[in-house]
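One chain comes next, on its own, written as structure tokens: the form predicted on its own.
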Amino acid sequence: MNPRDKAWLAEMAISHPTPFGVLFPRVAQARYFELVDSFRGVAKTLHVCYSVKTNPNTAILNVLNKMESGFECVSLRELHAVSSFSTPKIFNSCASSDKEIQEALSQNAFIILDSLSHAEQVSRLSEKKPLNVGVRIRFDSHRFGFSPSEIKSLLPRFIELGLNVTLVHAHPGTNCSVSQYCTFVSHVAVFLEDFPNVHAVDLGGGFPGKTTLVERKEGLDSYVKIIREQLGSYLKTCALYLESGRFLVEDSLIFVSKIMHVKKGEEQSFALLDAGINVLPRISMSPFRFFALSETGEKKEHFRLGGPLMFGSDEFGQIHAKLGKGDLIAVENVGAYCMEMAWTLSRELPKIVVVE
């Protein structure tokens, strides 16, 4: 983080009580352009459907809608958040309610089937009218989707239910390395050999955020190359769907937090902030980066950063700086999942300042 940005964030803290977040929707816009440009020409048709659960902030949704992004939803709340948008939508849930399916149908969202019971539910609510759907395929033992062997035996039943399978969906997980992604796509390629008439392939998300890619000395081009090499001939006549979330928004949000107390022990020193794992959950799998916006301490030291919650696990990072009570810390790369997973246990959610 350059000195100019540090000074600007510190100045914002004068009028905004900490902790607070600063959201930059244009970062999501820039990442969207980068993603689309990278995958241009890979398939007959490309649809980027932003994973709404990653960060459902209205400013993010609006700017991506202007880019003609599609949206992937997993809940009624998310469907309602994008109900005014006319861009393509995917509804992807393993435990959907009738209300969710009805809302997805009303928005013409492409529904991804996760089980036979789910298929029967969709058929009932669509009154057995012919409906194009997708099926989620799994390549390991997790609970989502169908195994490849199940699909063959279930296709006749789907037809009886009035459901026409035109899309195959598979998800590689999150923050995938290039080698992990290569293995995933190879499984998809083998599966598709037995399903030559499918019209579309949805490869989910899985791309790391920009910071992680830089740290790994990788780029989107590595992932694009894998898809071209293993699915290129197939995609010449098919649509490719990508449900990117983390790559689009991880570095669109910065938190600013204040050091409430500094504790210096014989072996280690701690800086205790007014924000902790309540807004920086480890489960978000984000590569948080910490910067001191002000330094009033006597000398540079190694500090472990802890939050205000009375839990031993409320520790989330380290920094080498001259810290004192009242100094400010900026945390980068908190745009993916952090606000959706934030706790309100004894603390209110921090205010988010949107910078257009």
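No experiment lies behind these values; they were computed from the predicted model shown. So that there is no doubt, residue numbering starts at 1 and follows the sequence shown.
The same protein has a further form, the form predicted in complex with a small molecule, not shown here; the description that follows concerns it.
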Check: So which of Ser244, Ser286, Ser252, Ser96 reaches within 4.5 angstroms of the small molecule in the model of the complex, heavy atom to heavy atom?
Finding: Ser244
Notebook entry, point to check: Just one of Gly145, Gly276, Gly204, Gly134 has a heavy atom within 4.5 angstroms of the small molecule in the model of the complex, so which one?
Noted result: Gly204
Next item on the list: Indicate whether Asn92 is a 4.5 Å heavy atom neighbour of the small molecule in the model of the complex.
Entry: yes
Margin query: Taking the small molecule as it sits in the model of the complex, is Gln102 near enough to touch it, meaning that at least one heavy atom pair lies within 4.5 angstroms?
Written below: no
Next item on the list: Would you check, heavy atoms only and a 4.5 Å threshold, whether Asn175 touches the small molecule in the model of the complex?
Entry: yes
Next item on the list: Indicate whether the small molecule has at least one heavy atom within 4.5 Å of a heavy atom of Lys322 in the model of the complex.
Entry: no
Next item on the list: Please state whether every one of the three residues Lys263, Arg304 and Asp327 places a non-hydrogen atom within 4.5 angstroms of the small molecule in the model of the complex.
Entry: no
Item checked: Segment assignment from 26-34, 306-314, 47-55, 292-300: heavy atom within 4.5 Å of the small molecule in the model of the complex -> 47-55
